[in-house]
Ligand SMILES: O=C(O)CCC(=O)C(=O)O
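To begin, one chain is listed below as structure tokens, in the form predicted on its own.
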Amino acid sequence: MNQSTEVGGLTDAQRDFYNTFGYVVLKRLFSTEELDIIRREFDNMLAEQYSHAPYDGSVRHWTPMMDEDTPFLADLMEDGRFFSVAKQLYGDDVLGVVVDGNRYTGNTHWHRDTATIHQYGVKFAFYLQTVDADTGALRVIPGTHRLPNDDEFADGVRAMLVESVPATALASEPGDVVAFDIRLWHASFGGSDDRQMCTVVYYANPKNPEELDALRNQGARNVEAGIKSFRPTRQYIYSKEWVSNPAGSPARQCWIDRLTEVGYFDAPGVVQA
């Protein structure tokens, strides 16, 4: 099926596909000129954040891309190509959470991007190199975002080699974007020792006590999974500048107000001290 999209969002067919299988591939979202800007911001920020440990292909590097040093990437959460799709999938009150950059090395084990079925949303991922099934493309197990409780499934799939699990490899070219539910089980296999990827993440606005608790706890989990695991120079996810919303963005202010209200920002390391 044609899974390309325009600024206006997904077609009905694309939305149905996403809701059923947990992902959709969006072709050619970025122009050549935009890719040049993304690569420049990506290279500069990763070099700055890991000046103490330059990349040598042995350890993954990760950092948020949300401030004045990365203005194009920082604006992507409010870019209609992403925001309109996130609202289609999770409601007009969906919460923009993060834009980040990654340098991966080797395989990525099977996992999902949330600790609970009560925490859900969409991750937009885009590689800066061509990737396919044999060179580190994202692999997904379609429909696993719909599992009501996946503890037994998790034990089984984690015990298997990445390449032996029945899955769909999502080949992409620079400029393409893969959108997937953060509950969807995914991995990668056969990638190079410098696989470059950025993501834009939105969470669904919680509607019940279980979802509120999940979102509140996700702030601390994000610090643990990001800042503490990868140790960039920047020891926080959100800068004081970002949460001050200097441009007065209505969308960002709604996100900040709601994340403050539920306590997402409370854990140490979430916001710059």
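Residue numbers run from 1 along the displayed sequence. Computed from a prediction, not measured in an experiment: that's the story for all the values here.
As for the form predicted in complex with the named molecule, it is not shown, yet the points below apply to it.
- Against the named molecule in the predicted complex, the set 224, 264 and 270 makes no contact: no member has a heavy atom within 4.5 Å.
- Looking at residue 145, you'd find every heavy atom of it more than 4.5 angstroms from the named molecule in the predicted complex.
- Although the partner is absent here, residue 197 is a contact residue: one of its heavy atoms lies within 4.5 angstroms of the named molecule in the predicted complex.
- Heavy atoms of residue 79 never reach within 4.5 Å of the named molecule in the predicted complex, leaving it off the interface.
- With a 4.5 Å cutoff on heavy atoms, residue 84 does not count as touching the named molecule in the predicted complex; it lies far away.
- Figure note: of the listed segments 122-130, 149-157, 164-172, 70-78, the one touching the named molecule in the predicted complex, with heavy atoms no more than 4.5 Å away, is 122-130.
- Though the named molecule is absent from this view, in the predicted complex it lies within 4.5 Å of a heavy atom of just one residue from 177, 94, 97, 138, which is 138.
- Contacts between stretch 77-111 and the named molecule, counted in the predicted complex as any heavy atom lying within 4.5 Å, involve 104, 108, 111, listed in sequence order.
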